[in-house]
Structure formats: C-alpha cells, structure tokens
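In the form predicted alone, a lone chain appears below as structure tokens.
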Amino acid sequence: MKKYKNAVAFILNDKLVEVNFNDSRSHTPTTTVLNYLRNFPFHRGVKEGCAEGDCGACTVVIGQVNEENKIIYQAVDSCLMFLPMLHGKQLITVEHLARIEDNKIILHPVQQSLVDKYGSQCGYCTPGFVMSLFALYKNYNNPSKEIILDALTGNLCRCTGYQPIIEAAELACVNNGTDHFTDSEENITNILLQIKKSTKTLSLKTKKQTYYRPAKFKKAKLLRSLHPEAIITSGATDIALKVTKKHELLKEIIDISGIEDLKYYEERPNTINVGAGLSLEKLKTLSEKALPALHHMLTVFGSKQIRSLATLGGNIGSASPIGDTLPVLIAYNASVVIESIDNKRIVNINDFIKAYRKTDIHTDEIITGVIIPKPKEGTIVRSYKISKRKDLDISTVSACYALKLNNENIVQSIILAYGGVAATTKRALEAENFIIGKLWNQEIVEEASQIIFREFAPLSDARAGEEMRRIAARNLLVKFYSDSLTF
C-alpha cells in the first residue's frame, strides 16, 4: 500500500489523481480547486464569477466517505478550496454527469430536467446550478421547496430567473438518488479508504510555501508548537480570500480539516459540546432542537456551499465584529476550548475576543471546541440578522438575546449581544443592568432601547451609516420584546 506524505491524492470524477507539488510548475499548495480545474482543457465547465463564494458559478461536488463507509455528496465553492483539501476525496465536475450509451450522450436527470424546464439562457451560471442540483438529487427524494431553495441559495442567475430551475429540481429529484454513480460507489469508497489508511500527515513543500495536513490532533499540536507563525485553516472560506482577493503568499499553513476528532457534536446533560472542525452545515442540522437560536442564525449564514466547508472554530477564530455565530455564542454564554501540546484552557467567549480580530489565543495553541451550556428552563433565546440581502450577505447588524423571567414577569437575567456596532461583538451592558429586576413590559423595553441607541458608537461604512446601526440595534430589542410575548 502506497504511503502518502508529499503528494495529494484524490479521485477526479472516476480516475485516481496524484499531485506532487515538488514536480509541478503550475500548482502550489494554495492553488484553488477552481484554478486547478481551469488548467485542463476538458474541465472548464466550472467558472469564476466572484472568487469569494458569492455566485456559485464555480460549484463542484465533493464525495467523501462517512462513518458508515458510505459516500456523501456535498456541493462546495471550488474557489474557496485549496488543492490539499481534496486529499482522500472524490471531486465530481459537470463534465462527468452525463454518460455515453450506444454512442449517444445520456444526460443526468438534473441536466435533462433543466433542458425540459428551459432553465438556462446565457449558460454561464448553469454548470454551477447543475452541480448544486446534483448534490440535492443525491441527498433528497421529493425535496420540499424550502430544501430546494436552500440548495440553490448559493447560485446566482441574472437572466433565466429561478422558477424554471426550481421546477427542474422538483422534476429530477424523484429517484432516491439512484444514477450511474451508484454503480461505482463501492469501488470509489474502497479507493478513498485506502488513501485515508495510507496517510498520516501530508507535508507539502515548495520553495516558497509549506503546507501541513495532519490526520491526528496530536500531530497538529506538535506542528503548531514548531511553527507558531503558521496559519491555521480548516474550511478555508475566510483564509482563501487572502489568496483569491488579496493575492497574498501564505508561507506556512497547518490544515486541520482532515482531523476527524475535531468534528464532533455531543449532547451532554448540561451542555452541548461542539468540535471546532464541525462544518456549519452539520451544526445547523444538529442544533435545530437543542439550540434553536444558533440554528436560526445558521440558516442565513452564507450558502449551503459555504456552510459545508466553514467551521465553527474558524468563525470564532476570525473574531470578526460581524461574525454571525459570535452574538449567539455570547447569548448562550459559551466557552472556547483551546489546546497546545502540553496545556488545555477553557475561556469564556466574552473573554476570548480581545479586540478587533484579536483573540486570547497563544501562538502554540489551536481552538479545538466550544462548550455551550443548555439554557435553563424558561429561558428565551432569539437571534436576528440585518443585511442588505437575506442570503449570501454579511451582517450589517446582528443580535442575540437571552431572557429569563420569574413567575411575576420580572427579569431575572438578560444578555443583549450585538454584532456590527463596535470593533468587536459586544454586550449592551448598560441596557442589561437597567432591565434586570424590572417588569418585562413595553415601557421598560423602550427605555432600554434608547439606552442601547446611546451605548454604542458604530462606524459608518459601505454597508450602513452610524445612525442606521444605532437605530437597528435599538429596534431589534423592541422586536425581541414583541416576539417574546408569543413564546
């Protein structure tokens, strides 16, 4: 059995491919999957529209083996994936969906349905839509319109309109995911498992870059101690923009996306424990009942393609003042688990964020998980996001509130957490102190909302002015009060 250390191995459609960066002049460890494919004359169905995960024209489907040794299919933005992230996976492109029988091209059901429903005009975005539909086809039978819309949220079309594409999804997804890929899944699974068993740590080196991809967390901690300046990445949906938009050279990278031990979701008696490497799409699904405010925020986080790559640890580690999960984690009073080769710390989320994109993490540490206390019985937790678009947009202002009342409707505890109103995600402490111990009614809430208006001093930028953000922060509390009356 071949041992993989210096080369990336994956299946491109149905063929095993190895990329050795020492021998390659056209690829580096931070070459995106999009640019890798565009180098081939027969894999140019994938398109670059935005190079930041906003348009979906570069959508491909990744097949990977799950815990039950079955292949699961996920649509992702190839502009946000580095080549080494493909190791041990199957990369499926639009060129491979059709098959040839008796010298005739037989379109895949999702392709044929787009033809039948006239779902394409200029065609630039069509391959991306086809791949999103293919992932939908493999995962859902007779999907609801809500599921279809969620699957297509990450794909933009500016000439056809979406209704024919939605109708194509309804027409195609009726075969329980069965197609010509089904026949080859056992063979593909065996190859992918062999790659996984043959890999401990990828060590990819060029003259200008070093890219490590450990399979075990113990190795990741050792690498972190030896390379304190290295960039830690998992989903790369934020880090990739340094390459695609800012054209930076990332000299050292430690990619922890291959460490399965960091992809857990554990429901314990008093807490929900989440691995830093768990994708936000999986977290969205798993958190619906236990953490509905987090689930709700994740429904408007990017797109399904982005959520399938992005991780909770990455969103926390970016410490962005408009990071969607941060107000929610503050409202849930979560803590961040941080580990080094010889130490483990648990830091409350309020103390973890130190300043604009600055956190309490040392150069030898890695975020490994998040501990979210289960809300006490009767606690109301609700999240909100204001953005110019409902989907695929960054927050202008976001908020999450946690409220506990006693039997007399007196406020026992309250957390008012906001994003987009300061250099970091912030609690409205002055307003919280004003509300605690008072009757939860409209008069008190309106007074508190005016305190919030004065408490923050947000910046004006391209998304919104200072006054708009103050007004939004104020009005969201009033909305929460209105919503709380129906809980």
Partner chain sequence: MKDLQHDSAKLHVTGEAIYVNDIESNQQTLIGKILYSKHAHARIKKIDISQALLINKVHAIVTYKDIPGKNNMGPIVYDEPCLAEDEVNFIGQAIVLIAAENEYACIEAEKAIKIEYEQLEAILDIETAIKKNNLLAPPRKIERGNPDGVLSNCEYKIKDTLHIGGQEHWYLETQSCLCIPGENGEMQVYSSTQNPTETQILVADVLGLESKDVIVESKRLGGGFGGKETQGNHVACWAALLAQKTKRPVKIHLSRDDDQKITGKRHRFIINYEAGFNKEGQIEAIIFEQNSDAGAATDLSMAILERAMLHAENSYFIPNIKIIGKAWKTNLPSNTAFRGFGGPQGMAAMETIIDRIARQLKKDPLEIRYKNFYKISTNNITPYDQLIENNRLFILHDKLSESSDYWSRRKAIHEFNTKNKILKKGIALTPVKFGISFTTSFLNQAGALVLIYKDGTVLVNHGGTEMGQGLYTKILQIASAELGINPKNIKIAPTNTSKVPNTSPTAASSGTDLNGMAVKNAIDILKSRISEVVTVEFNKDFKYDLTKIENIEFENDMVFDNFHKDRSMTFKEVVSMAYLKQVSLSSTGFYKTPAVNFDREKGTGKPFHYFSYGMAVSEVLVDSLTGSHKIIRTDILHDCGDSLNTEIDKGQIIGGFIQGVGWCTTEELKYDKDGNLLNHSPDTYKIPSVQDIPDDLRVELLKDFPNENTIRKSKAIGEPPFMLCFSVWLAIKDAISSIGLHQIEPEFSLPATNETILLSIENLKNKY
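Here the structure is a predicted model, which is why all the values come from computation and not from measurement. Residue numbers count along the first chain shown, from 1.
Keep in mind that the form predicted together with the partner chain is not shown, yet the notes after this line are about it.
Proximity to the partner chain in the predicted bound form, taken as heavy atoms within 4.5 Å, picks out 125-133 from the listed stretches 326-334, 184-192, 357-365, 125-133.
The partner chain is not drawn, but in the predicted bound form it has a heavy atom within 4.5 Å of T153. The partner chain in the predicted bound form comes within 4.5 Å of no heavy atom belonging to L262.
Within 4.5 Å of any heavy atom of the partner chain in the predicted bound form lies no heavy atom of G378. Using a 4.5 Å cutoff between non-hydrogen atoms, G45 counts as a contact of the partner chain in the predicted bound form. Taking the partner from elsewhere, every residue among D54, K145 and K245 has a non-hydrogen atom within 4.5 angstroms of the partner chain in the predicted bound form. This chain is drawn without the partner chain; in the predicted bound form, the residue among A293, I386, L278, I371 with a heavy atom within 4.5 Å of it is I386. For the residues T311, T233, S287, Q111, the 4.5 Å heavy atom test against the partner chain in the predicted bound form is passed only by Q111. Of the residues in 457-484, those that come within 4.5 Å of the partner chain in the predicted bound form through at least one heavy atom are, in sequence order, D461, A462, R463, A464, G465, E467, M468, I471, A472, R474, N475, L476, V478, K479, S482.
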